[in-house]
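Have a look below at one chain only, the form predicted on its own, in structure tokens format.
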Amino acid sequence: MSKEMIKVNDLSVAFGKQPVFQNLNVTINQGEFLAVVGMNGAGKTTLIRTILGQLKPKHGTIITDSDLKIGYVPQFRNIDSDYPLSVSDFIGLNFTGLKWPWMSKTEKQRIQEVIAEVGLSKIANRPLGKASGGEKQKTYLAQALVDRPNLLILDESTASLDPNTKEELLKVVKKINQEQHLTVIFVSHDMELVTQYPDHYLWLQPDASTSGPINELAAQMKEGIVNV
């Protein structure tokens, strides 16, 4: 039986008197690839911020595994064309903060491993500011993975990418999910990706959120029960 990584019990979150969602119950198991979907304003990013501890719930609890270690990939970072750090050095910031280049041999080896894993070996020494949008997003993914999290959160991280680059990124994530049993939470509006890569879904609504195997979501979409 898979270990529970996150258990959400009767969770309600509100901004002031305005509820975002109420009485949410969902369990995320080790190795699960969960898509979080819903209409704009349904609370997808709010849920992520609550899991990360950035927001306090109005009611309910989030119980996490004692060994939970989170890697987070946002939708956007403000990296302009003059940004000087190389792809490799940027990834290494997750180890060193501002103490580069005093990394251990093990850390340097791990950076090279994750660069190869996400397909960035050819541009490892290129300034990140000169990388394409897809290359930057792969770099953010590599930075999130470099210190070996057991939960990866992708918060609309494919939203600004072209279709081919979206597929490339999700193929990398799926491969790591399957081979390393990495738990993944994927927040997205892109239903083509949602129905192709994750194995479970959480459909957020203000009062009646649902979850289950991804094939159930596809069937509900076809019947017009779910609109996202």
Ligand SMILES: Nc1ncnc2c1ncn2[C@@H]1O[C@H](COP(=O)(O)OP(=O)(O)OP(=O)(O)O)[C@@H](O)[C@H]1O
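So that the term is clear: the rigid core is the largest set of C-alpha atoms that superpose within 1.5 Å between two forms. One rule holds for the numbers: they count along the sequence shown, beginning at 1. What you see is a predicted model; the values in this text were computed from it and never measured.
Separately, the form predicted in complex with the named molecule exists; it is not shown, and the next lines address it.
> Which of 169 to 177, 23 to 31, 66 to 74, 38 to 46 has heavy atoms within 4.5 Å of the named molecule in the predicted complex?
Stretch 38 to 46 is the one.
> Using a 4.5 Å heavy atom cut-off, which residue among 135, 156, 89, 117 comes into contact with the named molecule in the predicted complex?
The residue from 135, 156, 89, 117 that makes the contact is 156.
> Contact between residue 59 and the named molecule in the predicted complex at 4.5 Å, heavy atoms?
So residue 59 does not count as contacting the named molecule.
> If we define contact as a non-hydrogen atom of the residue within 4.5 angstroms of the partner, is residue 181 a contact of the named molecule in the predicted complex?
Residue-level check for residue 181: no, no contact with the named molecule.
> Within 181 to 216, which residues have a heavy atom closer than or equal to 4.5 Å from the named molecule in the predicted complex?
Result: 189 alone.
> Does superposing the core leave residue 150 with a CA shift of 2 Å or more between this form and the one not shown?
Shift at residue 150: below 2 Å after core fit.
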